[in-house]
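The chain below stands alone, shown as structure tokens; this is the form predicted alone.
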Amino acid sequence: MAQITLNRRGFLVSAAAGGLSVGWSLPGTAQTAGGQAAASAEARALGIWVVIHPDDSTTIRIAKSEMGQGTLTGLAQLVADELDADWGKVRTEYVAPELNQSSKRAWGDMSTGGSRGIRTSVEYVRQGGAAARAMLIQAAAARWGAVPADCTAADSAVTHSASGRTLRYGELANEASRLPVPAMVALKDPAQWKLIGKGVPRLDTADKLNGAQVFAIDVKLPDMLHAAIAQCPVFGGKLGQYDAAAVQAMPGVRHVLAVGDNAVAVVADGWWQARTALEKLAVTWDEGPNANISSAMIADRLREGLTAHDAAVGHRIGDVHTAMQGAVKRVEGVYGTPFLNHATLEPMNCTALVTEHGVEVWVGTQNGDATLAAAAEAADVPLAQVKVNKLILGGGFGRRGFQDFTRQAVLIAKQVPGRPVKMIWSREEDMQHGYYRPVTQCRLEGGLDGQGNLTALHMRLSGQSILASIAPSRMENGLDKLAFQGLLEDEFGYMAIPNLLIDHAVRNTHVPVGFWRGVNHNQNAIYLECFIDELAHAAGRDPLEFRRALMTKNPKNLAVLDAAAAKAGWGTPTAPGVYRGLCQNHGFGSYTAAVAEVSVSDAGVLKLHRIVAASDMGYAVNPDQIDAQVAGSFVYGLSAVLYSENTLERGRIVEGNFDSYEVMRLAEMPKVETVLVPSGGFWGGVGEPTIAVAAPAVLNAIFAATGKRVRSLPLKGQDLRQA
């Protein structure tokens, strides 16, 4: 739609039906990784996932989004292994959302979250690679007058076993592309894998290191304008009055525009000009009924939910109330975790161009399908008149699955037709207008018999429901199963507890909530695993042995816990002043456990020395990426333990930047040792499961070091000196 100049940043868009490949490019965008695919009319599509070029290079199409988690490389490995492609000649490109839409969603669901990028794509992308390999072998056999079964493929070439004759993929692509795509091809047995399970280098690293990788915030287009935006600081409030004339004459300012009913934007030649004018713009906000709400008020509401009668039951075994009455010892504890912003390095942004022909956007998104729909709705045009240029994300963590920033950019561009407008949120806007991790509290009560065995456990969750907030149709008779992540029967690690009750009192607030990396596993693992530690201490038993007795029905959970404990040397002496804590969790299809080693000085200063993390994700696609993801998730999870929180005063988020919303520093990061115990037979996630075990392992180690049980986060400002 845009009249643009072609340059070297080429990417390939191929029609799914006929296999025709059309090469074109957009200035300022980088759609490929691992080198640019040659935009050549001689390139041929073999099915919808694979494009073969005359030089034998392979372009693998990626429908999911890359945001640092390694999905792009992992998916390419899965396809390339089945294809028997030369990995040194593999490149990738994003599938355009509008192409997916017009092809009746041939590439499936583009949503990337919940550690589903690889684990829910495995079978159909491998089928794409296997089908393309079968087509190449068939084309070679036809040329030789041979039987396909007598031919083998390896390193982007087909060999006739009897004669030794060889044809390269580039030589066969034209003929192979004319063949029907096989509906189903037998996939390789794990023993045959050459790339799957190997720690091959990521395909996007070089471009990130040399600066070639362009993120959405970097997009540059001819005749582009820039926009800065301010939204009503109180959630649910609206835009009142503003004096555009007061800033209209400032340098570079072109427009002052209302954006929907709750925001105003300044459009200028440069973003800093727009931001400077926006800061001087006098705006009156209609703050609405939420203008007096504070964190203290929300905490009181959640506290009321801990004993309320309107709780939905998520998991029940036996009769907790009767068993609790017969307990020899009862232990109670109330825990709490705050709102948390995603705080991506790249703040929310989107570039949009609206013309008489439709709308085009350049954006980092976790859901290309949702972006397409949001842009169409905002521009009030059919889906067929929208083009989405997906770019690699500068952090997602669940935030970029929402499309508020896409809608805003299109609404702004709609008022400046014919010129692309790049809208960037300031860090303060990004911090104070997120979709936060829900604030929750949890009351736990456990009953022990005379031998120190756990006979009853009651967990009462109280707090916001993500589904009730954004997808109420997915609620089941008032039950939000998402709120029970890690606690329902299919994930709960202590199924040997004879009497169990886990329920949830929904207590929503005006603060928008969403899917924060690890979602509700983060809070629930803290509550459960720290309280299990409390119970072990009350029973006078070793925390590991206490857990083992409760995990006789959960062998995979127990296996990762044992693996982490063995690697960490649980039960063996530590360095003087160093103490250990441990935990386990099952989420996003994977089993995880961790052991943390910490020390706390006499002055109460915490030092994290080491964390050993064990994971069973079934099959490990790329062990090196898993190792990096585990360490990266701990940075995120431990930042929440140590520093991060969002608080409210007068209905608005207080923290505006990283001076008040702190994150871990490099010097504070512990040594991370990853233990992989893939048991096979399933494909689990990696990006999110391990974040849940970092916090409880550290908190349990702090108790071992100090005798103090930390029940609210973050740790900053808390007295950690020995009890």
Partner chain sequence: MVKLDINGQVHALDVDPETPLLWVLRDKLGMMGTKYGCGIAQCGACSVHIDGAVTRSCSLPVSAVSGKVVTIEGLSPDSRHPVQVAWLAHQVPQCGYCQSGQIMAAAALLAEKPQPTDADIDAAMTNICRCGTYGRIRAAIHDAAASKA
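Note that the structure is predicted; figures quoted are calculated from it, not measured. Residue numbers count along the first chain shown, from 1.
Another form, the form predicted in complex with its partner chain, is not on view; read the next lines as being about it.
The stretch that touches its partner chain in the predicted bound form, counting heavy atoms within 4.5 Å, is 395-403, out of 302-310, 327-335, 395-403, 355-363.
Contact here is defined as any heavy atom lying within 4.5 Å of its partner chain in the predicted bound form, and by that definition each of Met67, Arg202 and Phe658 is a contact residue. Residue-level contacts in the predicted bound form: of Arg91, Arg133, Lys387, His342, one residue has a heavy atom within 4.5 Å of its partner chain, and it is His342.
Proximity to its partner chain in the predicted bound form, taken as a non-hydrogen atom within 4.5 angstroms, holds for one residue of Leu482, Ala628, Ala370, Ala141, which is Ala628. The shortest heavy atom separation between Arg541 and its partner chain in the predicted bound form exceeds 4.5 Å.
Contact between Asn210 and its partner chain in the predicted bound form is found at the 4.5 Å heavy atom cutoff.
Using a 4.5 angstroms threshold between heavy atoms, Val253 stays clear of its partner chain in the predicted bound form. In the predicted bound form, its partner chain lies within 4.5 Å of some heavy atom of Ile424. Contacts with its partner chain in the predicted bound form, taken as any heavy atom within 4.5 Å, map within 259-274 to Gly270, Trp271, Trp272.
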